[in-house]
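Consider the single chain below, provided in C-alpha cells and representing the form predicted on its own.
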Amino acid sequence: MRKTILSLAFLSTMAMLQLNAGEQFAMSDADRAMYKEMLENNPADIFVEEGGEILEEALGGEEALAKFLGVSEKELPKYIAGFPRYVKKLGNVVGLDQVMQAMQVEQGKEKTKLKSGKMFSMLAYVKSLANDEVPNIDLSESHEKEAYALGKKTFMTKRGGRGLSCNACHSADIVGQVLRTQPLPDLGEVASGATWPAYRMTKSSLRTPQRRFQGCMKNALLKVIPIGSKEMVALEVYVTKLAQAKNKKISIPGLKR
C-alpha cells in the first residue's frame, strides 16, 4: 500500500512538473513579447484585407458570394459560420475555398489552387465575415453528419510507422503535456476550428486549418492528406464542431506560434 501511495505521489508530482514546464518553455520571453505585440497588430490583417480586394475584383465580392450560396448578404455571416457544410449546388460537404473555386468555374475563370497564398487570403477574408459568430454546423443534416463521422474517424485513426493519430496528441489524458516545448492543447478549448486561417509566427505566413493539419501529419511522419479531399474537409468539420461544443466564437485571423 505504501509503495502504491508513493507511486501515485510521484506521478502527481511529475504531472505538475510537466504542466509547469509547459508554462515555462512554451515560449521564450522574446517570443512572448512578440506575441503580445502581434495580438494588437496581427500581421495577417493585411492578408485578410488583400483577400477582400481579390474577392471583389475576381469574383464580384460578398454580393456574388451570397448569390452563389443562395442566401442574402444579411444572412451571409451566420451561413458562413456553418462551414464546412453541404452545398446542394455542389452536391457535397465543402469548404469555403472550394465554394470560391466553384464560383470561378461558373464565371468561366481559371481556378485558384487551394494551396496558394491567393486562396489563403480570400479564405481568411470570407471566414472573417463570420467573426463573433459561434460555428453552427448542423449534424441533423445527413451529409454533414456523415462528414463529421468521417472527420472523427480520421482524427482517431492511427496511421504510419509510429501508429500515431491526431488524437494521440489531443486526447483528454494527453492535453497539457509538453511536446517540442509546447503544451498540447484541447482543440475545442483553444477554438482551433474557429481561429484559422491564422498567422503562424514560426512560419511568418498566413495558414489555413487544412494546411495546419498537413503540417501536423508531416511532423508525425504520416502520409499527408490532400487539401480539399473528402477526408480533410471532414477533419475540418470535426475540429470546428469541437469549438462549437465549447461555444467559442469565430475570430479571424488567428495568431499562432
Partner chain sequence: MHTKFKYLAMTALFLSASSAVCAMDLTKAYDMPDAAKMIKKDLFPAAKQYTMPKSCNLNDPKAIARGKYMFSNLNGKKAKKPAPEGLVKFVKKTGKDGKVKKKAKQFGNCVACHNIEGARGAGNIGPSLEGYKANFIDTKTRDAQFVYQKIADPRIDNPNTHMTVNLTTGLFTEQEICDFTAYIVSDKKKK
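Positions refer to the first chain, counted from 1. All figures in this text were calculated on a predicted structure; none of them were measured in a lab.
Missing here is the form predicted together with its partner chain; even so, the following discussion is about that form.
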- Message: So, G228 and its partner chain: in the model of the complex, are they within 4.5 Å at any heavy atom pair?
- Response: yes
- Message: With a cut-off of 4.5 Å between heavy atoms, is L222 one of the residues that contacts its partner chain in the model of the complex?
- Response: yes
- Is R159 one of the residues lying within 4.5 Å of its partner chain in the model of the complex, judged by heavy atom distances? yes
- Tell me, yes or no, whether A102 is in contact with its partner chain in the model of the complex, where a contact means a heavy atom of each within 4.5 Å. yes
- Task: Kindly confirm or deny that F68, K89 and T154 each have some heavy atom within 4.5 angstroms of its partner chain in the model of the complex.
- Result: yes
- Checking D132, E106, E73, D138 against its partner chain in the model of the complex, the residue with a non-hydrogen atom inside 4.5 angstroms turns out to be E106
- Query: Taking its partner chain in the model of the complex as the reference, which of A81, C166, V126, V94 has a non-hydrogen atom within 4.5 Å?
  - Reply: V94
- Which among 196 to 204, 41 to 49, 54 to 62, 228 to 236 is in contact with its partner chain in the model of the complex, heavy atoms within 4.5 angstroms? 228 to 236
